[in-house]
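Take a look at this single chain, the form predicted alone, given in structure tokens.
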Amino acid sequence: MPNPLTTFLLKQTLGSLVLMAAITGVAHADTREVETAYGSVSIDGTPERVVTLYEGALDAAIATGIDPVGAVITRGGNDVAEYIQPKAKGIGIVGAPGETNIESVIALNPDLILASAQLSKEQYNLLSKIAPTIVPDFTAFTPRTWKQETRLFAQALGRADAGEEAVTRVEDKAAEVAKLVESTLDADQRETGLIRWMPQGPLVMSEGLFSASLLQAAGFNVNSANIVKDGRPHSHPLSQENLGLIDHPWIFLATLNEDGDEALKAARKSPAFQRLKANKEGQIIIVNGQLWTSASGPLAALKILDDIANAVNNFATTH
């Protein structure tokens, strides 16, 4: 249940919106219906004050030419993800993934809210009283999920063409990197795992995760060792004894914060880590966890594809 302050602020906001509608007295001509997880949502005109409650929504909005007024912090951080900070300067923070501060959202007076597929019905009911709220309804952890979400958010923003262009840019870039991988690496050199190193141990990320699907689009064979349950983003932490499950020629290895960095430094000293093929060959590629294991969207995709291309080019110069 919302607290009394939340209820009061909601009433004040709704009262203001009703008054504004009465003053204008005219509906927008370009009203559109957007199908979401909680039914069809009507959106009038071009939203000007957009709040995003999901990293993929922030990315998609900026990629299609919109500057949101609010966003949530990235996992493991205290701001939006590093890769997108230059494009999101001065943005208001309204919570963390899964922990929205309703009062902060109200204070920004949004005319559209873009949320994640995990938004609960209870939260949706609150937020939709503030502004039209878009919640995706697509199967999670598939190579097409981020594209579907980008197109949905772009439609809600009145930027459908820009959304399609953003997806196409990524597909063209992936094809370009795939040619590089094919010309540089033999087929038996392309197996890899995507790992997030945590203080509790390494997590094997799902083959359907956003960045893993980009690795596959770029020509790598992503192997999660069949230990990630369906519908889950990653495995349980692996013990040092089970590191052999990720003994691939390449490993793309991410950490989210300083704790993960320190845990990785300690693990590198262990015999089990030193025996890994990728470690012996110098093909453990350290990547930004905020980008590789938390982000989503066309701008993040382009950055990840750049990381993949750089890794392959470095391989080419040393072999």
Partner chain sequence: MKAKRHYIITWSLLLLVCLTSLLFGAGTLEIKQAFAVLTGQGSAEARFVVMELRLPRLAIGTITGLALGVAGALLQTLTRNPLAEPGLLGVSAGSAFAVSLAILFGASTATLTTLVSQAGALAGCALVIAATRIQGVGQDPVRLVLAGATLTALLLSLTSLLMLIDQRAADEIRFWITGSIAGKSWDQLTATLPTMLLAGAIVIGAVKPLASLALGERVAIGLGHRPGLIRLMVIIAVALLVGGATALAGPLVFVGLVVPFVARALGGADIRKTLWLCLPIGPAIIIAADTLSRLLVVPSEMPLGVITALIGAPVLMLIIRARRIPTL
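Remember, predicted model here, so these are calculated numbers, not experimental data. Positions refer to the first chain, counted from 1. For the two forms, the rigid core is made up of the largest set of C-alpha atoms that agree within 1.5 Å on superposition.
Omitted from view is the form predicted together with its partner chain, to which the following refers.
Using a 4.5 angstroms threshold between heavy atoms, residue 249 stays clear of its partner chain in the predicted complex.
Contact check for residue 275: a heavy atom falls within 4.5 Å of its partner chain in the predicted complex.
Contact between residue 238 and its partner chain in the predicted complex is found at the 4.5 Å heavy atom cutoff. When contacts are judged by a 4.5 Å heavy atom cut-off, residue 92 does not count as touching its partner chain in the predicted complex. The stretch from 149-157, 230-238, 205-213, 117-125 that comes within 4.5 Å of its partner chain in the predicted complex, counting heavy atoms only, is 230-238. Among 198, 178, 162, 140, the residue placing a heavy atom within 4.5 Å of its partner chain in the predicted complex is 198.
Shown here without its partner chain, the chain has 76, 77, 78 in 63-85 lying with a heavy atom within 4.5 Å of that partner in the predicted complex. Comparing the forms between this form and the one not shown, the C-alpha position of residue 267 differs by 2 angstroms or more, with the core used for superposition. In the predicted complex, the separation between the C-alpha atoms of residue 82 and residue 199 grows by 3 Å or more relative to the displayed form.
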